[in-house]
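Okay, here we've got a single chain as structure tokens, the form predicted on its own, with questions on binding and movement later.
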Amino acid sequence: MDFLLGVLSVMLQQFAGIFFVKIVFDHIHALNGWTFYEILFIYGIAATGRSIHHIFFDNLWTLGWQYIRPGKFDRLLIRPINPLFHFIADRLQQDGFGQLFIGIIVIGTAMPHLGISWGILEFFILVIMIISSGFIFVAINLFFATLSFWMVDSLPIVWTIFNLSDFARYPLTIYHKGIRHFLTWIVPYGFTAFYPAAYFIKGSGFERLALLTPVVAIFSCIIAYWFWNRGLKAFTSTGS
């Protein structure tokens, strides 16, 4: 029952966001050249990518207040297993399946309206893009959660940064140039949905950036893991 309630609550939360977009498009035909189904496609990729983080890596949120502050993180360090793997594997967030279901439904709803001929190659690229999107979410959260090793609990910073991902649910072209650059090269949420979707919708205009998505995911994970190891070396127990 808890699983069903969790999944349904997440699905309702996602549906509310989609409903808001639908209301907006009931009054306009396009948003800076982007149609309702194109934005729905971006939204679906973002939701599906997020679900990977939500299901398997949700414990990153708890590093400071549930592990470091009460002293629980110490026990992970005395076991013969990678502390990061142990920490992440401590929890599987089943609610995330609601986000996964909604993401797949939204993508499936938008696809027939995009005028794209979907073949095996296109589906393969889409899956790679979504997996890459998920790991970019993971890398960004891991990077900022690691700050807890120095400040005990970095949750407010993690929340603030994560909320920026809401921008990535919509075309980056509707934002100021400075925001586009920030979400592309500083905190690369643009690669979690917009560039992958634009590869299919707008073609060559965003092809080069879109095809960088797996590279950005790998590079982001390497940086985040390097930063995690730096934090681990700086960690001192709270003695709780």
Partner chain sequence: MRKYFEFARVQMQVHAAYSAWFWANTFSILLRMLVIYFFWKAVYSSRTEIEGLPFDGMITYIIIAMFLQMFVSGVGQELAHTIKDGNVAIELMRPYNLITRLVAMDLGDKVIHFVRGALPLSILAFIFMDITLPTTWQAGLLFLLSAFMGIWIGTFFDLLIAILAFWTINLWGLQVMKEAVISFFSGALVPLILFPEWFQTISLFLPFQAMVYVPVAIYTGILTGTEAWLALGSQIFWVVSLFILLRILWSIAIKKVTIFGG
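Numbering follows the first chain given and starts at 1. Quick caveat: nothing in here was measured; it's all calculated off a predicted structure.
Separately, the form predicted in complex with the partner chain exists; it is not shown, and the next lines address it.
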Query raised in the report: Counting only non-hydrogen atoms and a 4.5 angstroms cut-off, does Y175 reach the partner chain in the predicted bound form?
Result: yes
Query raised in the report: Counting only non-hydrogen atoms and a 4.5 angstroms cut-off, does L147 reach the partner chain in the predicted bound form?
Result: no
Query raised in the report: Does the 4.5 Å heavy atom contact test between L12 and the partner chain in the predicted bound form come out positive?
Result: yes
Query raised in the report: Would L164 show up as a contact with the partner chain in the predicted bound form if we use heavy atoms at 4.5 Å?
Result: yes
Requested in this report: State the residue from G119, G115, P156, G108 whose non-hydrogen atoms include one within 4.5 Å of the partner chain in the predicted bound form.
Outcome: P156
Query raised in the report: Using a 4.5 Å heavy atom cut-off, which stretch among 40 to 48, 205 to 213, 188 to 196, 24 to 32 contacts the partner chain in the predicted bound form?
Result: 24 to 32
Query raised in the report: Which residues from 72 to 110 come close to the partner chain in the predicted bound form, meaning a heavy atom within 4.5 Å?
Result: D95
